[in-house]
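Next up: just one chain, as structure tokens, the form predicted on its own.
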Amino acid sequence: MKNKPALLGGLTIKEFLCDYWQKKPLLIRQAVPGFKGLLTPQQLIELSCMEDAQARLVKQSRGGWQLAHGPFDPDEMAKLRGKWTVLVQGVNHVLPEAAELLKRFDFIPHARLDDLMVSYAPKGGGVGPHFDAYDVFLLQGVGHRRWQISTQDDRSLIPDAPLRILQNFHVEQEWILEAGDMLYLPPHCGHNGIAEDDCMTYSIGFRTPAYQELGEQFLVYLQDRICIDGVYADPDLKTQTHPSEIGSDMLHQVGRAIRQVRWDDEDVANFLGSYLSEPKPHIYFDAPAKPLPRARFEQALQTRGIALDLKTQMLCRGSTVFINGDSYPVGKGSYRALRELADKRQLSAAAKLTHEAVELLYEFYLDGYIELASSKRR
């Protein structure tokens, strides 16, 4: 079962990664048998009205599109009519059951995971034909949605539209998905989802950051870590015919200094761990209102275990663990335990922890990054 999960329609993980991942779409009937969703439409709408909601509302009328960003007013949402869709990002950050759903996809590295987005639309609702720059699994909850897809190269968009809607969408295949069905789409595969009735879709997205973005952020990362000794000097300065020109001597001297900037794979790994675990700007963590003293915390570890906060992202590499944008080099024994926490997002009370690991976990606990396993999730 582990090698041929129902989630992949009987394919082994190796077969899926080899034949479909980032290559071509895959329709999987009853990927999650019995799945009816994790939220009701009303609960999703309530989430979209929360103060820190990452929510969007898309309305369609007379062939045109309107886009609004949350949080929304509950009374206004209750008045909606016609064709519309509400989409809420990061549902796994507030709903434990959503975080559990994502564990089914842990055959993809955590460093690639973005979040779980949930959408609801009444009959006819949708966001129009479009393409995404990331991998996505579209798991159907309640209701039915018609998915039309195209691998076309034409990615021209409707001008002046508030959404990135394809101007010339040519349907190549289409299916109607019901509860438990799932569609995998690689990046840049055009798709259009239309609600056949009141329906909800759970979108598990995996980000593909652009090299330009990574390069820019790596330079930002380096600026706080490089050290170039010396200052510019020109004791043998000579006059120039044109004083406005940058002289060759200055160019060569500064060039030699800048070429002292070096980095290796360890620098890149540390950058990736910090950058990919960095929380999005709207995410914040709540420290425990009445934190346990250090000794009582250690006792609780041994009786209750711990779990990552739903919003926490934790990655590992070599002998370093990364959590919410920070890095912590640790010893081998600590690394093994902390890697298990990162892998499973929880540690049992039976886990063997070094003194170093306990100290770090207590720091994470005080920051609100982890919680004792039997604590009520926020």
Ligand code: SIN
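Sequential numbering from 1, following the sequence displayed. Bear in mind that the values here come from a model prediction, so they are computed numbers and not experimental data.
The protein also exists as the form predicted in complex with ligand SIN; that form is not presented, and the subsequent description refers to it.
The partner is absent here; in the model of the complex, the one residue of L87, L301, V91, L166 having a heavy atom within 4.5 Å of ligand SIN is L87. Think of it this way: in the model of the complex, ligand SIN has a heavy atom of just one of F72, F271, Y184, W147 within 4.5 Å, and the residue is W147.
Ligand SIN in the model of the complex comes within 4.5 Å of a heavy atom belonging to V127. Within this chain, L138 lines the site of ligand SIN in the model of the complex, having a heavy atom no more than 4.5 Å away. For the chain shown alone, D132 is a contact residue for ligand SIN in the model of the complex, at least one non-hydrogen atom being within 4.5 angstroms. A residue is said to contact a partner when one of its heavy atoms sits within 4.5 Å of a partner heavy atom; S119 meets this definition for ligand SIN in the model of the complex. The stretch in contact with ligand SIN in the model of the complex, judged by heavy atoms within 4.5 Å, is 111 to 119, chosen from 247 to 255, 111 to 119, 157 to 165, 292 to 300.
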